[in-house]
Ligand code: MEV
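Below you will find one chain, with nothing else, as structure tokens; this is the form predicted alone, and questions on how it binds or moves follow later.
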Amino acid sequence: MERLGLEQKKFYQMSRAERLEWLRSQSALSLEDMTAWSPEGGLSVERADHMIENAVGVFALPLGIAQNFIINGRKVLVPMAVEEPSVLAGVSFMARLAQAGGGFRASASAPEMIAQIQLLDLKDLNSARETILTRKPELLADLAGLHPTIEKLGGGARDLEVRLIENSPIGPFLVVHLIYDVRDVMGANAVNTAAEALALPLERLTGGRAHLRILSNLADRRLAKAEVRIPTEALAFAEYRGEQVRDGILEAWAFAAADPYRAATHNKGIMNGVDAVVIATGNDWRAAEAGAHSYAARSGRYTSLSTWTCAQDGSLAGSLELPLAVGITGGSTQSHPTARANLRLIGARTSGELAGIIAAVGLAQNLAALRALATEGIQRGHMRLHARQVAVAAGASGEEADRLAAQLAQEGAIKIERAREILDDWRKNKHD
């Protein structure tokens, strides 16, 4: 078989060394930067010991690169840290389909976080609320200079809102929302510090007691949105017509939009893409999960985060909107060497641009799952890739693992017991 040159190979056909060389040629990363993707150059045990308490080591996840993304007219290579088979293949293929419609369009609102201050022991809640709103300019002015770097970049305290919580087990109380623009950091530490600084002035002003002072992970002032439109003809494959695929996707989405049991799995698929990029860039994936799922239930009923429709020209149109509090500086985005390298590869200039890219990946992953479910079934491709994991777990390596995975997939019995049985038989025959 003729050996292909690097320029003729698809990314998945390359060796790891060839993939690194290709990425070096396609990005601003040097080979030295890429050492952060190896155990020797990534997060060390010593560095981990300074990041968390009681550290005993580090835990690794596979890191891959999603291909084919065009987002707002820019080609983007997307690093994803994920252990689940088919995620990278799915998003990369959907990104290639999306090119037929010009790729993804992504945007993000201002990076405004919410800090909550719980006010208890108030004699007159309505009067306290009016007093806080009347003195809002002074309260916001008191926070000036709290985070000089953020303020120098145009961020800082933006607004105060006051909510009355009536149906509480401890009786009614007030919650003050401080809206704080954190610019290009995730912002948890910044807004928590601001909440602490606001607590005493609120107590003095109202005579109440400031109890909890903490950010909210329902960051619905900091939304990311991605949109895509795919011509019907680009959806066709094998025996499936484009219109058939489109309508099947719409029917599958309608299930998630109407039923919370289906919506939970539907949104989990979205987060397969979102979390993998959030983790790869050193951001807080637990915050992303909490914000996304609470946002999906904001109407009082849990539903789909994405929306799919048939456009006037017959093409498939999709959109995804969710809270995404992510940063490109600060915290582990700077202290974790692999996260730093991954952020350089993505090339996002602002936290909002990064959030939009992540939303596009989530939408692509959603489309991959819906397309599979609506046509040949989710298990076919997923189990084929899962077979490789089973082969390795059974003790196979190198070409032997690929051969074993192929046989397991062909037999339709992707079980570790069967994998070990085949492997033992091969090795026994080899030595006979």
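A residue's number is simply how far along the shown sequence it sits, counting from 1. Just so you know, these numbers come straight off a predicted model, no measurement behind them.
The same protein also has a form predicted in complex with the named molecule, omitted here; what follows describes it.
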> Does any heavy atom of residue 127 come within 4.5 Å of a heavy atom of the named molecule in the model of the complex?
Replying inline: no
>> Check residue 266 for me: does it contact the named molecule in the model of the complex (non-hydrogen atoms, 4.5 angstroms)?
In response: yes
> Can you check whether residue 272 is within 4.5 Å of the named molecule in the model of the complex, heavy atom basis?
Replying inline: yes
> With the partner left out of view, is residue 247 within 4.5 angstroms of the named molecule in the model of the complex by any non-hydrogen atom?
Replying inline: no
> Has each of 183, 185 and 348 got a heavy atom lying within 4.5 angstroms of the named molecule in the model of the complex?
Replying inline: no
>> Just to confirm the contact call: exactly one of 215-223, 107-115, 153-161, 257-265 touches the named molecule in the model of the complex at a 4.5 Å heavy atom cutoff, so which is it?
In response: 257-265
> Among 369, 29, 43, 394, which has at least one heavy atom within 4.5 Å of the named molecule in the model of the complex?
Replying inline: 369
>> I need to confirm a contact call. Of 36, 373, 401, 65, which residue comes within 4.5 Å of the named molecule in the model of the complex, counting heavy atoms only?
In response: 373
> So which residues in 75-105, when you check the named molecule in the model of the complex, have a heavy atom no farther than 4.5 Å from it?
Replying inline: 84
